[in-house]
Ligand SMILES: Cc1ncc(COP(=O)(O)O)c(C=O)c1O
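Below sits a lone chain in structure tokens, taken as the form predicted alone.
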């Protein structure tokens, strides 16, 4: 049995150690809990949302003066927390860009946390640093970056993109200026806006450009905007290109953007947080042609590399650019100063205190092998196309943006909402589709999300999970058709 708690202790005898037998029992119980989670996941509800009053009643309490038993705490977690947590790793989780980790990756996190590896400086974690260097070299090799490239692991795409913007400012703008301009498409992730705000750029210094017929950054609009800004005395310095836009999955014309950046001396940062690891698939590699010309890139291993959160990555074409931007050596760190042969990862990014994110990635890749990753990525792309085929055969469904990578957007359009001239009541249509989304969420059977494409409210299907099968996609499309017809009939719009 687990210990009932720490109990009362005398002054001078206090430690936070757990006896080996109790560690073993608790560890086994946690692993068994995870096994139940992974094996039973397909039969669980996807969406589990509690209101704040409920969570307050369940979990609000003062910290205990005396410790509690581990068995009780695990039971409390399973009974109070898990049932009120939506499963982003569920095979029918098609919303946003899902993160479906693996048990192997989770155990890598457990090892890194259990050994409490500090991954900030070489002298404190030389082997962990080497693993991170190896993982980074794998990534840059897959993407076709030169030997001079390098990077660091971060929390996720938001920090990776922020880091890329910092590099762009440092290398192309120098001191903070009020006339610098960043260019991106209207489909850029919100973290680009947030990153620019953090760095002190005003909203008008982030130029959001129109998309072309393929939902990509319009290269003519980009050329025109840069030329006009130069003529007006502004300082263009960075283009942020999408390699898998969150809303549509679309990939900006990377070769043409790279040509323009070279011509005008602009920094090219590619947000490949979603799509970057598609290079492991031959179709993905072709779609991502030109990504190797980026000055910096953002990646997310917790998406298409199936690593538990957090596992972002930023890569720079010249690794010394990261060092130049972030290296600061105060007196209290002189003893652990690094160098080119023994780099400190804290010199390559924002964090000094860093967990060892590389271990879980390294462990999983070595265990599964690239062939399995390629097969899974290829299957999820196939499933997105299968989903589109099913949607096109479903009465009332209109495809808004066809599959790009593994995202397709669509909406349910009741025939009665089309006027004699073909115009649509967009407000009414938005209400209907939002109600479809809500009912699917409430069913617990699946989860998809909404977005806007060219101003239209659309539903969005994204397939990333390595456990998703054809039957899961079929179930989602069935729910869309069923609830679409029901909502239209109830609202008198069928």
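Note that this is a predicted model, so its numbers are computed, not measured. Positions refer to the first chain, counted from 1.
The form predicted in complex with the named molecule exists for this protein as well; it is not shown, and the discussion that follows is about that form.
Only one segment in the set 154-162, 315-323, 375-383, 71-79 has any non-hydrogen atom within 4.5 angstroms of the named molecule in the predicted complex, and it is 154-162. Checked against the named molecule in the predicted complex, the candidates 221, 191, 390, 117 yield a single residue with a heavy atom inside 4.5 Å, and that residue is 191. Only one of 303, 360, 90, 411 lies close to the named molecule in the predicted complex, with a heavy atom inside 4.5 Å, and it is 303. Taking non-hydrogen atoms only, residue 125 never approaches the named molecule to within 4.5 angstroms in the predicted complex.
Though the partner is left out of this view, residue 184 does not reach within 4.5 Å of the named molecule in the predicted complex, counting heavy atoms only. When the named molecule is considered in the predicted complex, residue 252 lies well away from it, no heavy atom lying within 4.5 Å.
The closest non-hydrogen atom of residue 344 lies beyond 4.5 Å of the named molecule in the predicted complex.
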